[in-house]
Ligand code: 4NP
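Given as structure tokens, the chain that follows is alone and in the form predicted alone.
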């Protein structure tokens, strides 16, 4: 089984959306998807209500997810670790123990060559339209990732 971790800062906005979107596209018997935050602000919390609403409007239920903090053992658990921006990339890489750990970490938007800015903006201080824009970005990236992952298991 291929395991994929989505990572943002608090694990309540971007990474839960990416987690839910990718999970909705993949076969559950071949893939495991999870999400985490580099900070511990929201451990145990549900995703932001706006993330839940945007996901729900796209027929994805992320309301049962709970925030957790990225931990060093995630390098052992996950085959791929996708981060939402450079700051979170740097935070995860700081915890890496080996070059193999580092090789697992990528910016999520790197999977889509059509996207110029490889940073998923944090919608937390915005309004619902900011969450909708982030959803759209993540959906495009997860579609590209889906195609790439399906090639690896065939």
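What you are looking at is a predicted structure, and each value in this text was computed from that prediction instead of being measured. Positions refer to the first chain, counted from 1.
The same protein also has a form predicted together with the named molecule, omitted here; what follows describes it.
- Considering the named molecule in the model of the complex, the lone stretch of 105-113, 23-31, 118-126, 58-66 in range is 118-126 [heavy atom distance within 4.5 Å].
- Residue contact check for residue 46: none of its heavy atoms lie within 4.5 Å of the named molecule in the model of the complex.
- The closest non-hydrogen atom of residue 6 lies beyond 4.5 Å of the named molecule in the model of the complex.
- At least one heavy atom of residue 12 is located within 4.5 Å of the named molecule in the model of the complex.
- Using a 4.5 Å cut-off on any heavy atom, the residues of 22-61 that reach the named molecule in the model of the complex are, in sequence order, 41, 42.
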